[in-house]
Structure formats: C-alpha cells, structure tokens
Ligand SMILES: Cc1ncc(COP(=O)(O)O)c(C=O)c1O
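Shown next as structure tokens: one chain only, the form predicted on its own.
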C-alpha cells in the first residue's frame, strides 16, 4: 500500500529541530582534519572520538548485502530501541494505539505502555496463524502500527506470505514485519516488497544468527521519508564505535554465519526428533527459528526439573494460547547432547 508517510507521524515531532554535532555541518573531502568541535579527549585511542552519527560505513556494507539503498536503512541500539522509536514517532500518547497478534514478542506491548500508547490485541488462530479478517476489522484510524514477527516468537512458525501481503496491502497504518529469525527460515525475507509499499517496515537483527546479541545492533528497512524522520528523532550517537567495528567485521564473515546456521538447523531437527518421543511432551510445534516450542504435561514442574540439572529454558506458559509450554533454544551440539541426556532421565 502507498500511504502519505508524513500523515502517519506525530505532528509535533515533524517540526522538531534535531540535535546535530558541528562535525555534521561540514563535508569531509578526505582531508586530514584537526577535530576541535566536540570537546573530546584529543589523545588517540580506538574510542576517543564520537562515532559516526549516521553509521555510513556500516550502512553501505549492509545495503550491499541486503540489496537496498542506504537511505532505506535505519540502525538502532538493538531492535528494542527501534520498536520504542517507531511507537514514539507515530503514536500520540493517550490517543493512538498499536496492534499486536499474541502470542508475540513482549517488547511491543512494553514499549507502547512506556509511551502511554494503547495496545489492541488480535490473537493468532488455534494453529498460530494470522487472523487476517479480524485484524483488519479491529483496526481504525487511530491504529498506527501493526507488529508481526515472522518467524514468530515464541511459537517459532512463519506466517503465510499471502496473509502478510494481504495485510500490507490493506492495513491503513504501518505494518512492521519483524524478521529477527529470518536466517533460520525457509521462506525468504519480504524486503523485496519495500519498493511497492510505503507502509511496510522490515526489522532484522544482529542478535540471533549473526551472534552479536551483546553488541546490540538492530536494522530497520523502510520508505526513505520514514528513515529520514527516524534519523532526526534518534539520539545523535545511538550506536557506539565498538559495535560498529564488530558489525563491519561480521559482515565480512557471512560464510561463517551460514555455516553456524546450518549446524543449528541440523540440531533443531535432531532435538525435535527426541522431544517427539518423550512421553511427557504432548506437542513439539514446527519451527522456522533457532528454538522449539513444546507443550508438556506440567510446564512449571518440567522447568524446575531442568533448572535443577543446570539447564535454563523459557517457561512460555503465560503467553496467549501457550499454556503448559516451554521454549527451548538450540545450543551447540555438545550442549544439546547434555540437554538430550537430561531430558531422557526426567521422570513423571
């Protein structure tokens, strides 16, 4: 869907004059400059200077890999920061709302609540699929954002591309498709839809397959007008130099990432086979992510049993439709060997 991007943004923030460092006011043509503008410590170390506020070098590398233009890309301090920023940038507190499809990633609701923004919930179907008709019927002119993670967290399944396309083509606000686990899925990314739909936002992350959870780096791809707006309202130096350096190196090591993903997918299949044969596991749900959701006889009891054996999993039972479930991330083959050994010893 083509929308007027500015109409979806908070008017008060559209008029905001962003903070800019003096260094952003000149164009460096490759000359060696004496930097006396930012009150930094002048004695050279790897981090004595402020980082590039627009992260140009890293964005160029990402854009080349993802086949997007650099001005379609926004980098955030983890995807959590982007989720907070897009809600703040689009939704008037006390007036507007976001829509989520539980069971879903918990930060959408947390961020909305922190910003005083309402949350409208349209649960997934009993088979953890999108209820497209109910979503469209529940939305109104105050529903500015629809958040859809695919593959979904905590269920692990991908959503039907036809359903996703239907929502992008018919939802009147921004549709945020969160692809945090896309590297583990068979279905391709929806990034190719960006040129057709100005209301589409695609999130990806360095935290999962890329192995950089501790560095905190998220990516958002969207219409150029929206990216420009986000760059105006963000903190000037929201990504630190150490993270940018690690990201640049990681982007050169995608062969290693792909090899690790292949191991995780193999381990997912192995663990799935084991779980399906345990008497106290009622269901092992299909997964396109680096984790498995299982329904068990007593999730609290099984969770405590695993803790006592030195293994931490997620008790996901509080989520809508996820009663008596555990979410188990895939570890290394050696860690999974230990997990499988422990699982086989758990008694009723």
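Worth saying up front: this structure is predicted, and the values here are computed from it rather than measured. Numbering follows the first chain given and starts at 1.
The same protein also has a form predicted together with the ligand, omitted here; what follows describes it.
*Asks:* Just one of 131, 80, 121, 253 has a heavy atom within 4.5 angstroms of the ligand in the model of the complex, so which one?
*Replies:* By the 4.5 Å criterion, the partner-contacting residue is 80.
*Asks:* Ok, 174, 74, 229, 108: which has a heavy atom sitting within 4.5 Å of the ligand in the model of the complex?
*Replies:* Among 174, 74, 229, 108, a heavy atom within 4.5 Å of the ligand in the model of the complex occurs only for 108.
*Asks:* If contact means any heavy atom within 4.5 Å, which of 235-243, 88-96, 147-155, 166-174 contacts the ligand in the model of the complex?
*Replies:* Of the stretches listed, the one contacting the partner is 147-155.
*Asks:* Any of the heavy atoms of residue 207 lying within 4.5 Å of the ligand in the model of the complex?
*Replies:* The answer is yes: residue 207 has a heavy atom within 4.5 Å of the ligand.
*Asks:* When the contact criterion is heavy atoms within 4.5 Å, does residue 181 count as touching the ligand in the model of the complex?
*Replies:* Within the cut-off, so yes.
*Asks:* May I ask you to state whether residue 115 is within 4.5 Å of the ligand in the model of the complex, using heavy atom distances?
*Replies:* It does not: once the ligand is placed as it appears in the model of the complex, residue 115 has no heavy atom within 4.5 Å of it.
*Asks:* Closest heavy atom of residue 268 to the ligand in the model of the complex, within 4.5 Å or not?
*Replies:* No.
*Asks:* Of 221-252, which residues get within 4.5 Å of the ligand in the model of the complex if you count heavy atoms?
*Replies:* Residues within 4.5 Å: none.
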